[in-house]
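Have a look below at one chain only, the form predicted on its own, in structure tokens format.
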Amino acid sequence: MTSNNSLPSTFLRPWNDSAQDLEAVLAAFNADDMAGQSGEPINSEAAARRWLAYWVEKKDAHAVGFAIECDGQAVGHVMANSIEYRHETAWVSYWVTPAARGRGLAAAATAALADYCFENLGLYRLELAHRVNNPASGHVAQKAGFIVEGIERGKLMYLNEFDQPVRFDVRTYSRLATDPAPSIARLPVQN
């Protein structure tokens, strides 16, 4: 795994229940594009604590997730869930707080997570998708070595600003353990 020498104080680490990690979760889910991305709205300290508890307690053998830490603060999240050991597959997702976007952190973290899944978990295929109206997420996926597979029509449904359900098409990607590694630097992983 390649470390990212240009971002020496940036790495992946386990989440904790600190006030700083709680603030990062609240900041992320307060962004308009993240508001509906969780099973419940993360719009209160109690909801953010429930979200964090899942990652702090680590009782799920079918998920692995890390905080993206930059300069002493959590600024994002990268995870593989729905890990299926029989077929050696998992579903990848990521987010970065609005203040930390545009610096390549999500791509460096996602590439590092992929390496971790291949090398430490023995997985072979990683999958991810994003709404087609979020091309920035597609750039992250491609920089992290994921290859476009296609579009799934009407796959996701979120509420709009009027609390009306809206369906979204998604662009799907995959990365296989045998695919060429991306040329970007990866963030180091602390367990």
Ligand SMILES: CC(C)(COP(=O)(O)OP(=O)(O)OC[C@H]1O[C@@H](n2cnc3c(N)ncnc32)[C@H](O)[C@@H]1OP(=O)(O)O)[C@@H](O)C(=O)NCCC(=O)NCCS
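All of these numbers come straight from a predicted model, not from anything done at the bench. We number the residues from 1 along the sequence you see.
From this point on, the text means the form predicted in complex with the ligand, which you will not see here.
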> Which one, Ala90, Leu105, Ala112, Ala74, lies within 4.5 Å of the ligand in the predicted bound form by heavy atoms?
Replying inline: Leu105
>> Which residue, Glu152, Asp33, Glu45, Glu149, is the contact with the ligand in the predicted bound form, using a 4.5 Å heavy atom cutoff?
In response: Asp33
> Is there a heavy atom of Ala136 lying 4.5 Å or less from a heavy atom of the ligand in the predicted bound form?
Replying inline: yes
>> Under a 4.5 Å heavy atom criterion, is Ala67 part of the interface with the ligand in the predicted bound form?
In response: no
>> At 4.5 Å between heavy atoms, is Ala129 in contact with the ligand in the predicted bound form?
In response: yes
> Is there a heavy atom of Arg125 no more than 4.5 Å from a heavy atom of the ligand in the predicted bound form?
Replying inline: no
